[in-house]
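First comes one chain, alone, set out as structure tokens in the form predicted alone.
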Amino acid sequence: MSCASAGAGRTLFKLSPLLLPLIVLFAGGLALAAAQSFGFFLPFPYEGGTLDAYRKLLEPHYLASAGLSFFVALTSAVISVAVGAVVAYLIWRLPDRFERAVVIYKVPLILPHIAVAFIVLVFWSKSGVISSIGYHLGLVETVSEFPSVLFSGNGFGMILAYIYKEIPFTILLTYAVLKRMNPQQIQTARMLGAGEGRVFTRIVLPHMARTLHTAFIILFLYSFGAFDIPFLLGESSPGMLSIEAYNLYFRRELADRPAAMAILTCMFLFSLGFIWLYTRVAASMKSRERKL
């Protein structure tokens, strides 16, 4: 056994009093959810079949809910990572005397998601701040003519809330990486005639790539399974998967609870598959860049 493996084993043994309860609770909860999705260990008589809950998820309503969850998570994560990377680079280029002033971008980080959802409601509802400004500027004759940004069935309200919350998160991660970057690389590239776009794509972006991949996975999976923002800004039909699971478990018949557990089980398996697929694709892109 190598020294590294022995050291890792000793570290795990020392952390075992903390890790064991977490593992037991997490694995136990996951196993119970999976078992109940097949109709086992339910606190009431269940007359359905073993796979009935999963067959129910193939109905068009739940497929549309899965599509909406994927669209909202993917769109908000892509926009947040892209904008956050560019803004972090612009902040990094600012003179040192502005360093304290730019911490204002961290304000959304300290706001709870439920507060961000209310901010989006106040600004983007038909009677909100933006529609009032449009009315006073003569852009719309009545506030009812303001376009439906929220509750329009496309998830734009949730995407706005996630972007507001997640762009500062991406900036925070990537700016810490850029602080460790040698500015002379940028200066050398410019001396050799590289433009701003080429410097960003060829030097800065590869330097941030690993952090951006991590940020994308975190943001995508959080938005895919979150409950608070969809509860306030989500549509009723189709709703996000988290809302559908909540409705099936708490607002429907007891016989619908296996379907709620089936949704949660599928979301967990999808998250694992997404992480595996994304890391494979990212590793493939990195090896291709090395060959080039």
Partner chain sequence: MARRLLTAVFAVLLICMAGCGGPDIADEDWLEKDFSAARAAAEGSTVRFYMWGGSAQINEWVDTYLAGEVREKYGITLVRVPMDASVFVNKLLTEKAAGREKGTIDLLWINGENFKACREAEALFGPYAEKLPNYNQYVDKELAAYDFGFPVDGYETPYGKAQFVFEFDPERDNGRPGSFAELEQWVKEHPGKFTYPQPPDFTGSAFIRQAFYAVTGGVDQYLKGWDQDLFERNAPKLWEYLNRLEPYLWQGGQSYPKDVAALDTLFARGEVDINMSYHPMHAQNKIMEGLYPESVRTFVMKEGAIFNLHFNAIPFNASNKAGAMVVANFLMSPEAQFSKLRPENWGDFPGIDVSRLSQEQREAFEKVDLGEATLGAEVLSNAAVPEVAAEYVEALEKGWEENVLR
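Positions refer to the first chain, counted from 1. Quick caveat: nothing in here was measured; it's all calculated off a predicted structure.
Below: the form predicted together with its partner chain, not depicted.
Can all three of 78, 80 and 141 be found with a heavy atom no more than 4.5 Å from its partner chain in the predicted complex?
Verified in the predicted complex; spot residues all out of contact, no.
Its partner chain isn't shown here, but in the predicted complex which of 201, 127, 214, 187 has a heavy atom within 4.5 Å of it?
Contact residue from the list: 127.
Would you mind picking the one in 176, 102, 122, 205 that has a heavy atom within 4.5 Å of its partner chain in the predicted complex?
None of the other options qualify; the answer is 122.
Since the chain is shown here on its own, which stretch among 63 to 71, 227 to 235, 259 to 267, 46 to 54 would lie within 4.5 Å of its partner chain in the predicted complex, judged by heavy atoms?
So the stretch in question is 227 to 235.
Test of understanding: in the predicted complex, would residue 134 fall inside 4.5 Å of its partner chain by heavy atoms?
No, residue 134 stays farther than 4.5 Å from its partner chain in the predicted complex.
May I ask you to state whether residue 91 is within 4.5 Å of its partner chain in the predicted complex, using heavy atom distances?
Judged by the heavy-atom cut-off of 4.5 Å, residue 91 is well away from its partner chain in the predicted complex.
I'd like to check something about residue 150: if you look in the predicted complex, is any of its heavy atoms closer than or equal to 4.5 Å to a heavy atom of its partner chain?
Although its partner chain is absent here, residue 150 would touch it in the predicted complex, with heavy atoms inside 4.5 Å.
Heavy atom within 4.5 Å of its partner chain in the predicted complex: which residues of 246 to 263 qualify?
The stretch touches the partner through 251, 252, 253.
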